[in-house]
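What follows is a single chain, given as structure tokens, in the form predicted on its own.
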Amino acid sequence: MSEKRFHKVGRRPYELRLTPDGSAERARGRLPGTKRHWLQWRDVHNPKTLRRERVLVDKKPLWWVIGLSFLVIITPFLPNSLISVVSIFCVYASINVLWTLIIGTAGIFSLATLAVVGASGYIAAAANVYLGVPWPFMLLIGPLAGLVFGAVLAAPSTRLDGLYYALLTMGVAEICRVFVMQLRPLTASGGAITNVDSFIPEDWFLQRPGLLLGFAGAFLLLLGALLVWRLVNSERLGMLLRVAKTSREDEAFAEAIGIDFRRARLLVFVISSAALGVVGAFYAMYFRSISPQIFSLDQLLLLFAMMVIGGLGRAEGAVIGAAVVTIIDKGLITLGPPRIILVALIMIGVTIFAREGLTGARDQFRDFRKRKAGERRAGRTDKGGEAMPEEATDVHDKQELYYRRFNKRLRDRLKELITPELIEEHKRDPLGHHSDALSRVLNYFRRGEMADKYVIHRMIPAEEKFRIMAVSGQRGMPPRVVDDREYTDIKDAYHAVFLLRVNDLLES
């Protein structure tokens, strides 16, 4: 007796599945101060084991934990130069995450991000150097300065948008650079403020313990920026703006459904500016100085390259883009000017081949794979030709394809039943008892979709005048007149509708 062999059909995705106790009460931990859970689990039914399983819906928090843990574990084993690169990466990633809130969530194309960071850093550094304010209070002065500066920048966003606002903010950044360079009483050394107190002891500065302490502070800064992103983008403000994005062109409609998106955008801008003020104060403490270079167009374009490479509107895109550009710009500094060309080439390549940066490449590949699979299914004409190549990319439901295949075979069978004798039979008695062939054809016509379905319209009530029309199938859209011919006999109108449906069947 031959042994039976079973072959696996398809595969289940590799994912973590828990088997909770059905009698136990389910406990859900929430983020402090929010209604969000730490992890999003979903209960599903396993048809094989007939048990309840728990599946992790959103795996992004796990990837964040793995990536950030890897960064913390590997950094102490790096040489001193690379530890500085990792710290600079954390600072740039923090700026990018908060800038993504302004551009992606709030929808305000501001180029004054570094201006907010620089102005806050200058004010905090000046308070420390010239007023003797201790360095811990710099972390309070920075966000206050960023809050005020952000409120000033947010006011024109209610009147200007798009390119005009971008040019305005770029001009503000340049004005700030020129101002600090000409402010001789406070910035006597070429526009820079030096000898700023820091959380890193002076004896440890540029030494390995100081570099590790600086990395710890930069890493906490990145965690804080990600926390601000999470609290803003995933809570009420972010949800309101995501809903209003679809109706931003029609502001009256957004206000009619109760969304004050102007206020929400301004709040996101101000909150992000305050957080950028913390980054500015940390920047001055980490480097023990701050210079007009932070306002330069070079730094702005470098941050913009990070956004383009990583992907706009996503925190992971801001972090990945910052990692790529920082490794090339700071880690490969021995290459010289060609490293900037390398960044430009990567940015152009990502723009050409990736729709939403590196973080959107996975979704883009999935859409490409589905489109190619649809085109292959559409090319199988021997299987029924249920979808045309130009529409195959929009059909992902196999049940819809099976229905189209069945419907085509049914139409081919009904076409064989259309004969002059069958048409004559319907003309003699459209509403009487019919043969089996005519009944099959009429039943198929009656089950047709409502869109473009033919109906008989009585032109004048209580009079025998009829006209054939076709309904749109959409609520609020009136039917259209098929032709201008008027019928005085209801049977002639029924037979005219039958002939129109027969013609459509034969041409399908």
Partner chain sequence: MDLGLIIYALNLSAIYALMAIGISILWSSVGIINMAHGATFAVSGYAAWLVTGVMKPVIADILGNGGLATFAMAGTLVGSALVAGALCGVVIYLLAFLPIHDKPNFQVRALIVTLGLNIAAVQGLLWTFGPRNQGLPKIFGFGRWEVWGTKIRYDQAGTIIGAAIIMTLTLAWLRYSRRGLEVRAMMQNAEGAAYSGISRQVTALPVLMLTGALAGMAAALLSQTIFVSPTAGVIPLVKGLTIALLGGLGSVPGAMIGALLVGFLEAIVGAIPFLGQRYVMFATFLFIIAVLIIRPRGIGGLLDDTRE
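Just so we're clear, the structure is a prediction, and the values are computed from it rather than from any experiment. Numbering follows the first chain given and starts at 1.
Keep in mind the form predicted together with its partner chain is missing from the figure; the text below concerns it.
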property	result
Contact check for 73, 79 and 87 against its partner chain in the model of the complex, heavy atom at 4.5 Å	no
Per-stretch contact check against its partner chain in the model of the complex, the hit in 193-201, 206-214, 127-135, 158-166 (non-hydrogen atom, 4.5 angstroms)	158-166
Listed residue that, although its partner chain is not shown, lies within 4.5 Å of it in the model of the complex (heavy atoms), from 423, 297, 227, 151	297
Contact assignment for its partner chain in the model of the complex, among 347, 328, 232, 147, heavy atom within 4.5 Å	347
4.5 angstroms heavy atom contact with its partner chain in the model of the complex for residue 435	no
4.5 angstroms heavy atom contact with its partner chain in the model of the complex for residue 402	no
Heavy atom of residue 341 within 4.5 Å of its partner chain in the model of the complex	yes
Exercise: residue 304 in contact with its partner chain in the model of the complex, heavy atom 4.5 Å	yes
Partner contacts for 165-181, taking its partner chain in the model of the complex and a 4.5 Å heavy atom cut-off	167, 168, 170, 171, 172, 174, 175, 178, 179
